[in-house]
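Quick setup: one chain, the form predicted alone, written in structure tokens, and binding and motion questions come after.
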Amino acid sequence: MSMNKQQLAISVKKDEDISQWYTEVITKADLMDYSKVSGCIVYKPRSYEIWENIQKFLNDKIKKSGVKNCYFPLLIPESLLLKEEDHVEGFAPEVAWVDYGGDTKLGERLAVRPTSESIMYDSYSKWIQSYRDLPLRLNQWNSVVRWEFKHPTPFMRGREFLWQEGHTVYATQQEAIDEAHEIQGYYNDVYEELLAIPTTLGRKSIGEKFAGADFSLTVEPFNSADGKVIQGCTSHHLGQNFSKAFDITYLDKQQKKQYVWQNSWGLSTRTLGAMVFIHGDDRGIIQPPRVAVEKVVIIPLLFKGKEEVVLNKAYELQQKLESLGGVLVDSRSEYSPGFKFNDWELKGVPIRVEIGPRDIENNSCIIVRRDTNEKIEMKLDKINKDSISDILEEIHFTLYAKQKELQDSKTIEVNSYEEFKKYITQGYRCLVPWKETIESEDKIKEETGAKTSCLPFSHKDKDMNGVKCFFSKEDATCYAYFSKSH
């Protein structure tokens, strides 16, 4: 379908209406389309390939660690879902149910997978008999359905989304706790090493932890553009809560029956939403180079009578850079160079190469960086995999540094509730001394719209002696980040 420059333009600025900006950007950048079911989206090839790049990166890490991939059914009998009390209570409002098979009413309702603890742990109880069967470390890549009634936001909060869920079993608590931290580290690598997004590592508060977990570890990016934190992914230590509910036991070396210790952990396509929200600008999305579908687009400037020589040089450059992956030539003759520039800026390609007849005569071309819009003149014989790789790496680190600076500029330490309310209203993330309770967090959220992001590891060992809670003025038990959230 033919498009014009007007159709590519984003009609609102990111800092004026970020919700409208986000909606326009993800559709115009060809990441997704809406389906007939509210809250369920179509992942178009560009977004799905970025997800595949994330998937490969994480798969390599967890497989090297000894995790095996598997697949369990989508439908879960109600009796299994009800086995762990806290778990059921946490998920019950979001479960979609199947009551009929054709015209026949089912004898037992089936839940459409909101998460797989119950169905996987039923199998684990049969598979695990002895200490020799441990550890058991399985992961599956799938989709889950959570019938959210909040406002759905594509990639960020939907009724069906893609993710991986790891479910692991150990003989000892310490092994399980160590793995929960190990996986949190891998997730942090996805954001920082792959997506160029700075994060905060910590523990979720008691009120925000996973239903049925002893504790939840989290990786939290902060979107400085709207002052909202994004729960990037979580790694949960389940203790023995599920092993007791599902009777997952083993005989130890002394032939004594023991309950196992368990973890579950997941990272989802929310990564795509975080990438758009955090790096995107008024011209469109920015694909971080290490995850980009298209890394380099070469745009030949086609003048009458010179088309062949320019196209030949463009394809020659493409061949030189082929091993980078994601290098394409935009040879569309029906669109002007200006339209193509805007099109690829909107789609966030890290590097654009412009080449015309005069450039070829001068043995040069123009390289444009998507992150800074900087134009670099480069000799054609200097363009190779190494020279372009260097620029791509520079873009990665520039994107990261920019966001780290913005995150730090919108983070403030406060000690009083009055200060807290002032800065939360202005879109800040507040670091506060806090006496951790569910009741106080609920009250703070009710009054300000802010809740805990995490209890950061950076402040885990701070001396709390004499430190008072910013809210209750009682003795504080920890430091916490509070902010509004996506």
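One rule holds for the numbers: they count along the sequence shown, beginning at 1. None of the values given here were measured: they were computed from a predicted structure.
Separately, the form predicted together with a further copy of the same chain exists; it is not shown, and the next lines address it.
Put simply, of Y315, F303, Y259, W97 only one has a heavy atom within 4.5 Å of a further copy of the same chain in the model of the complex, and it is W97.
Between the options I177, A245, V112, L380, the residue in contact with a further copy of the same chain in the model of the complex by a heavy atom within 4.5 angstroms is V112.
The stretch that touches a further copy of the same chain in the model of the complex, counting heavy atoms within 4.5 Å, is 137-145, out of 403-411, 137-145, 210-218, 387-395. Of the heavy atoms in S35, some are within 4.5 Å of a further copy of the same chain in the model of the complex. In the model of the complex, a further copy of the same chain sits beyond 4.5 Å of every heavy atom of G356. Taking the partner from elsewhere, S65 is found to have every heavy atom lying beyond 4.5 Å of a further copy of the same chain in the model of the complex.
For T172, no non-hydrogen atom is located within 4.5 Å of a further copy of the same chain in the model of the complex, even though that partner is not displayed. In the model of the complex, the residues of 58-74 lying within 4.5 Å of a further copy of the same chain by at least one heavy atom are, in order, N59, K63, K68, N69, C70, Y71, F72, P73, L74.
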